[in-house]
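Given next, in structure tokens, is a single chain: the form predicted alone.
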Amino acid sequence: MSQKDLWVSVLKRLQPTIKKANFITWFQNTTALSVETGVLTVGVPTAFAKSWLMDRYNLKILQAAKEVDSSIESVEYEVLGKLNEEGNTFAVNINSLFVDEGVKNVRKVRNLNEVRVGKGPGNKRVVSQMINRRYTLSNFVVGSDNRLPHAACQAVAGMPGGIYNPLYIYGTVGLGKTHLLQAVGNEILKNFPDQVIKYITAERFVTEVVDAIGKRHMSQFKDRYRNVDCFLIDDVQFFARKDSSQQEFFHTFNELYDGNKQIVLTSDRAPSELDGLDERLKSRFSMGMVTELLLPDFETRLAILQQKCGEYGVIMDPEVLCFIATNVQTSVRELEGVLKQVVADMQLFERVATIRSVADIIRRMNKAQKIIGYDIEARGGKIVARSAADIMNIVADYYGVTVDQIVGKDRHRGVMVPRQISMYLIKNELGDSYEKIGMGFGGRNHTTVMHACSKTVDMLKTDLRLVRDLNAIKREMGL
């Protein structure tokens, strides 16, 4: 068996144990270089891929390798840039492992009003309607910022009308509220095929109320919304200052709730912050489970990009994905929009995405107020923070504070920790002297900087959250 065939056998054993998007991203253009004295040497195309495989998949790779060759006792990794070169015969083409899936990588959007099941006689029949069947709980990328909303949706899908009723999900635009809302409906239909699900936006609900009043069809309107098992309504903030619609929705809500029917709502703000809404509605929105979708952190943004690359069937340099995740932070929708533009650029012009080309796309699309000051020139194209100002900007963005606060006199913990981490990183990554660092932090004494660095080292020994934060910041710095 050749080394390449051995690696293909290992990959086939790994494939079912790793999410497809991650598998494609991290194992593309890898190969087995040698097996000597019980050591399997794996060739990888970039240093970033080497680090990722060692940290995340080393044990799985070793177990799979042992199944193929029982003499293998450990795995080592070697970076070979030529594995990324077009036409090389050494690397394994990951797509060849998915030949049985045919064109499944190309996702098709189904009919926008798919009828699933109905209740009631004649023209009063109530039907289940979903906007998009591709929204599921399983393909929603879960991170620290959205774990609670996702878990609440899973609980609702497993027991509609239970303790999380109503379920109210809020957050700014583009974070995945509609995805979760419709995923609940799809999951309930999978678990309870006979239930009737109704999805609608608040704007559409208002339009239908106005139409029903004008045509004197309120009876049919009420039947359409009060004979369902699960009512999903998007963007309830649109009800503001629409009194007739609020009144009709209030009665619809009460009847469904009293009948133990599940209600799930989304909005761009918390119930208490909904101006122009009847206090009775605010109270009802708050009587179940209220959960917020937060802006995704770096790891979640990177995971989303990896998943989308898998869905689109494209391979992209992990460092390019890290660059996108670093510079597009405002919403998942904008993150996906930038990725689509990058993919289109790759396919239309038949060229590989680079950090420089992606930076141009982000500037052109104006999806970042500024491209974080990275030196993207030498050093093998690797992203490197090149100044103390760059590091302070990255740390400030990560912790949600300002650079002025970091260099200022505030001694609150929410500012002290970012200040100490900034000093620690500037010292350890840039090699600046304690005196120089102190001058950059408002003229502080060098002993203050020494204390901050020493304290950070001590905290990293016991504070796992700080370790996680520091690793995330380093990734955003390209280290």
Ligand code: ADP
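One rule holds for the numbers: they count along the sequence shown, beginning at 1. As the structure is a computational prediction, the values presented were derived from the model and not from experiment.
The protein also exists as the form predicted in complex with adenosine-5'-diphosphate; that form is not presented, and the subsequent description refers to it.
**Request:** Note which of Arg280, Arg134, Arg363, Arg147 lies within 4.5 Å of adenosine-5'-diphosphate in the predicted complex, where distance is taken over heavy atoms; exactly one does.
**Result:** The option sitting close enough to the partner is Arg134.
**Request:** Heavy atom within 4.5 Å of adenosine-5'-diphosphate in the predicted complex: which of Thr172, Thr207, Asn88, Gln154 fits that? Just give me the one.
**Result:** If I apply the 4.5 Å criterion carefully, the residue I get is Thr172.
**Message:** Just checking whether Glu336 would be counted as a contact of adenosine-5'-diphosphate in the predicted complex - the rule being heavy atoms within 4.5 angstroms.
**Reply:** It does: once adenosine-5'-diphosphate is placed as it appears in the predicted complex, Glu336 has a heavy atom within 4.5 Å of it.
**Request:** Give a yes/no on whether Thr252 approaches adenosine-5'-diphosphate to within 4.5 Å in the predicted complex, heavy atoms considered.
**Result:** Although adenosine-5'-diphosphate is absent here, Thr252 would stay clear of it in the predicted complex, with no heavy atoms inside 4.5 Å.
**Asked** If you check in the predicted complex, is Lys261 within 4.5 Å of adenosine-5'-diphosphate, heavy atoms only?
**Response** No, Lys261 is distant from the partner.
**Prompt:** Within a 4.5 Å heavy atom cut-off, is Val332 in contact with adenosine-5'-diphosphate in the predicted complex?
**Reply:** Flag for Val332 set to yes.
**Message:** Given a 4.5 Å cut-off on heavy atoms, tell me which of 282-290, 391-399, 172-180, 157-165 is the interface stretch with adenosine-5'-diphosphate in the predicted complex.
**Reply:** In short, 172-180.
**Message:** With the partner left out here, which residues of 277-313 have a non-hydrogen atom within 4.5 Å of adenosine-5'-diphosphate in the predicted complex?
**Reply:** Sequence-ordered list: Ile304, Lys308.
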